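In the form predicted alone, a lone chain appears below as structure tokens.
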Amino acid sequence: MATAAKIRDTRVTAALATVADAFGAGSDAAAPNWLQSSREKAFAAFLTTGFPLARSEDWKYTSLAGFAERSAEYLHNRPTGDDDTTVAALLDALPHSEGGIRIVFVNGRYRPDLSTASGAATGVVLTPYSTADDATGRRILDRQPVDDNALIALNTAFLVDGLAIRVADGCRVDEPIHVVFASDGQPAAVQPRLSIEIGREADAFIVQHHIGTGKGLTNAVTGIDCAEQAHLFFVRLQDESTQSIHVANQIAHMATGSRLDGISIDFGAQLARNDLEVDLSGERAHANLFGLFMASGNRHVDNHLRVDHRMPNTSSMENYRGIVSDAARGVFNGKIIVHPGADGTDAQMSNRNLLLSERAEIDTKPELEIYTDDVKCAHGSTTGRLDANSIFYLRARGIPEADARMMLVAAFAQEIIDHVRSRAPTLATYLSHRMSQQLPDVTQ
């Protein structure tokens, strides 16, 4: 009898032919000319590997059967026009600071009428792909993640629009550059692309925010390139409909003395998969990486993290937390690789999870690979329930049990959100509000 994994892989493979038909139907007329050659090469690369299968170690806990089948259905469709009423409601709920920068894409396409860049500092260049000339387009392509990853290749093959952000050497951007990718519920596969280039000794704050309604499908790719002594404060917030499917890849390259403060939060999607790769390729490069997800019902959230220490005296710190209830499932796979010659590496990884029901499940796998001496590395993982003594303490002071549980869960999540507060109090307040709105669902 075929195993469940084999059945899922059969569904994935069957969907591939339909995806090929969708690409063969012709290039999207909205895509710029400079993208066409890359799209064709990327689709050839995608066909070579196909969708990732459950037999792969990186995908053993997460099936892409639903993603593949929805891709096969949706990639044939083209949005017929945006539902501006729905989009307006989504945007009205977002945080906004006076003088800030907000760039909006709806169903994968740039919407200048919903965007504002009036607060852009001198030295910040924001280029939607759809507005780039051929020379600019070639420069953008030179800095894209490679298409040997199947889902990155799929994104490139069906890419229509995206945003390139360049921050010049020495430029400091205090206000957040808020990039919003919105889906209005149409049955379409969206392939968001964000390219970030932070110049030497520059400092920037960028928020990548995914929102949407209905049974959306998102396959997002983000490329980050930090030059010498650069600093990027980067928040990725996925808050799409709980009927949607969201997969994302972020690839970051860190030069000598650069620093990445990255915070990844998943509040939405029926299936969410987030892959983050950070390459510390310059001496004294550093990464602080935080993650948080909350899942109830039968939602599934998978975070895969890889940090490569390639040069001496690099450092990283990872702190990811998950909260699951009902029949939800969370996955964390964190890998730190200390390459030969990376002496003086300091790498610390922590994954902590709360299980709030008998049926909830967490699969966690922190990994360390060390190929040199003189390093300081540690990793650990804990999964458990709320502390009974803490609940008793709060109840003894007159707090109802349901409120006590919500207070403890909120404190557990707030420790991750608070890392945003020093740089963006308004955003931190918004995140705390969104977290509190989900508490009744995960603690009931």
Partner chain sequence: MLKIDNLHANAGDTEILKGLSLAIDAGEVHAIMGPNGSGKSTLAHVLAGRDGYEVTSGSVTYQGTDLLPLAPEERAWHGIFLGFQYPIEIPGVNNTYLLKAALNARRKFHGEPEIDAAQFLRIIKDKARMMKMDQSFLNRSVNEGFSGGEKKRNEVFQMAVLEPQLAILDETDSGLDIDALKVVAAGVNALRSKDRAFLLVTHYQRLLDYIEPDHVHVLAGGRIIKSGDKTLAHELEAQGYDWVLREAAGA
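These figures come from a predicted structure and were not determined experimentally. Positions refer to the first chain, counted from 1.
Keep in mind that the form predicted together with the partner chain is not shown, yet the notes after this line are about it.
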Quiz item: Using a 4.5 Å cut on heavy atoms, which of R385, R397, R55, K376 is close to the partner chain in the predicted bound form?
Solution: R397
Exercise. Tell me, please, which stretch of 57-65, 376-384, 398-406, 38-46 lies within 4.5 angstroms of the partner chain in the predicted bound form when heavy atoms are compared?
Key: 398-406
Quiz item: Taking heavy atoms and a 4.5 Å cut-off, does N33 contact the partner chain in the predicted bound form?
Solution: no
Practice problem: Please run the contact check for E69 against the partner chain in the predicted bound form: heavy atoms, 4.5 angstroms, yes or no? | Solution: no
